[in-house]
Structure formats: structure tokens, C-alpha cells
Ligand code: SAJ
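Presented below, as C-alpha cells, is a lone chain in the form predicted alone.
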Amino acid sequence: MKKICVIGLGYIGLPTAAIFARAGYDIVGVDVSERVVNSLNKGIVTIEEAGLPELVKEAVEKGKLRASLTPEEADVFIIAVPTPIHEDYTANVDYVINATKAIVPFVKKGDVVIVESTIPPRTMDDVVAPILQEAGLDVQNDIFLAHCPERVLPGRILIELIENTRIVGGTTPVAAKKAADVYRAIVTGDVIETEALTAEMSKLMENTFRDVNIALANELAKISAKLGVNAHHVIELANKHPRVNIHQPGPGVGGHCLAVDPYFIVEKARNESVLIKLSRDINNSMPEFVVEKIEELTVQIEKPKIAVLGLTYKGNIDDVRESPAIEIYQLLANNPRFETVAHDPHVQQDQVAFPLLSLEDALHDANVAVVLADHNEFKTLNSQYVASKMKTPVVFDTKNCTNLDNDYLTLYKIGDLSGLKPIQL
């Protein structure tokens, strides 16, 4: 194995390409975006991820990493393209299909083809393998086809690509071994071989477990608001049991994994996945729950100004995919009763279709500041500063991340809303 062709240079593909380049392999990264390709060939990264700009710059300067709009012959092909969902919540595997078709002219006997994209069960067997077969490539004997789902946390991708256990599911046992050996060249964690379908399901269930757990916490937050109990304190005490680990409530679930992957299971077994679907419904309801509470707070104000703080789906990253914060902003902005502004220190203006303000301008004369992302910048907000900028200093912390002082302002947290009452001018 000398040369690797990585299809897709996004949040997973680019770090993967950079890691293999650092290990000494010749990497060509392929993307449909000319902007991404041109930037990468200059050693410039277009996404935010700790340590990635330095790693990419070094790999490009050493000639181990370059980008192209079209695939090339290689020993290994890694497909790391998005798999979004349609409006009916079924999986859109068009990017995987197109990427597979794109590499067909360049795949030769003995090559390893790996799909890292998260995919519905049986996609390897029912979609990817037939494309290669129809092109005259024998996936049983000539090439080695496998699924190795990514399992990393944004903000720690470069660490977890190396240290995390990898699950490699081959369409044949030999394919699993060949693909696993690709990762063994860079991974210090375990590399476990299995069949493709099991690998597909294991990835989906990892994220589904977390989504269901978060739904439980979010439902607890709603119950607690009705019963007048602090859900954060309830969770803290419940988690002191050695076999209990309730996650934290929040404004919803976002990102390209937790908010999407459970639907891939529901699509394939709708009647059997009742709990999974219900959990998705609960988490999807949280943006409206947040907006309802903002409406309750501002019911006596004619034209309240709402400062949305944070647009990403989690803290300290720039990823706004499937972010509930974006949905909350849009729900508020579409209501003519509100004046809605936004600030996020990690998001660039070209990532969103509405203006981004500085923190000072967002807070200026605001009636409510709603914290929707647990960025470090929000964890260290100064109570006096926030209060001095706002017209009515009320903060709604939906991530339970701030350390604000109630002596200067009124602070509500998503799991502790029993004392919520309309703002008095």
C-alpha cells in the first residue's frame, strides 16, 4: 500500500487523508468543490478542527497530500462522503453511489475499496457491491470491499482517528482482513474484523443509543418544568447509581450523526423501531419547546429582542449541520413579533444565510439571550458585562454551561424552569 485516494474532503475525509499522509503514504483527496480543492492544494483548511490546519499544511508542503476534482489510480480507495436524509427521513445515499461510480474506472484487481460514510443496513451488499460488479469488478475475488464507519468526536478527530477502536466489515472475510490492515498502519486502538452488515448496524446503534438517552433527558426536562423540579439536580443524583448514566437535556440533537443515523434503522425496520422513532420525535420537539419558553418570558413585551448565542450543534466547533440552534433561530426570526439576532464566535458568515453580529452588538438592548451552544466563550461570560449590555438581563441557558451570577441577571436553565415568569419592564 503506497497510494490512497480519499473521496470527500469534509469533516471526516480530510482528517483521514491528513493522518495517512503524515504516516508517509501518498494521498490524493477528491472533492466536487473547486474551492475546497484549490484551498487544500495551497495547504489551507476550510473547516475548523483542532490541529488540522498545521497537519494539512505540513503534508501538502512535503508533497504527501494533494487534492483533485477527479479520482486517480491508487492501491486503496476510501469513500467519506455525506449521507443526508430526504424530507421523508429516508437516507439519501446518492453521494455514496456517485462516489462509487466515480472510482470504477480507476479500480484494479487487488485494490481495497472502503466506505467510511455512515450508511443504512445492507447498503454495502445491496448498493455499493452491485455497482462494482456491474462494472466488471469481482467483489468476491478481484477487489476487497469493506465498510469502516468513522467513530470520532468533532474537536478530537485527529486524536480519535488514531486511538479509537475501528470496526471493519468486509463483504468477504478476506476483504475485512485487507481493509483492517489499512487501518492497522495508523491506528493504535483495536481494529476488529466483522461482516459488512454488522459494521453498518454497530455504527448506527452507537449513535442511536446516545440519541435515545438524550431523548430521555429531554423528556425529563419537560416533565420537570411541569412538576417544578430541577432536572439537572435529578440527573446528578440519579447518575450516582453505579449503573445509571443519564445524558444531559438540551435544545435538541444535531450534527450529521445523532440527528440522522437513527432514521437509517427506522427506514429498514419501521414497525420494529418504535422506541428509536419516538426518541427522534422527542429530540426534534425541543426547538419548539425552547421557543415556547422564550414566548412565555416575553409575553408582556411588544417587540422583544432575542440574542441567539451559538449556532453550532455542539461546543467549540464550526459545524452547523442539522443544528437545532439554526432551527430555533429560524423559528424566532420567522415570527414578526421578535427581533432576532445571532452571534457565534466559531461560525463564518458564509456558513449561514442571515447576519452574524459581534457579542456586544447581539446583546445590545436584548431582552433575552438564549445560549444554544456550549462554546468556551459562553462558559466564561461575565455576568456584569452581559447585564450591562441588555435591556432586560435575562439569560436562557439551554446547554447548562454558563457560570453566570443571578445577582446581576436572571438565569434560567433548560432543566430548571419551574420559576420561569414573564419579564417585567
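Start at 1 with the first residue shown and count on from there. Bear in mind the structure is a predicted one, so any value in this text is a computation, not a measurement.
One more form of this protein should be noted, the form predicted in complex with this ligand, which is absent from this view; the next part is about it.
Only one of the listed residues (Gly169, Pro262, Gly254, Pro287) places a non-hydrogen atom within 4.5 angstroms of this ligand in the model of the complex, and that residue is Gly254. Between this ligand and the residues Phe77, Phe144, Tyr329, Tyr313, the one pair within 4.5 Å by heavy atoms in the model of the complex involves Tyr313.
Although the partner is absent here, Lys305 lies well away from this ligand in the model of the complex, with no heavy atom inside 4.5 Å. In the model of the complex, this ligand sits beyond 4.5 Å of every heavy atom of Glu219. This ligand is not drawn, but in the model of the complex it has a heavy atom within 4.5 Å of Ile214. Among heavy atoms of Asn207, some come within 4.5 Å of this ligand in the model of the complex.
Here the chain stands alone, but in the model of the complex its contact with this ligand, taken as any heavy atom within 4.5 Å, falls in 151 to 159 among 220 to 228, 268 to 276, 132 to 140, 151 to 159.
Looking at this ligand in the model of the complex, residues Lys203, Gln248 and Lys399 each place a heavy atom within 4.5 Å of it.
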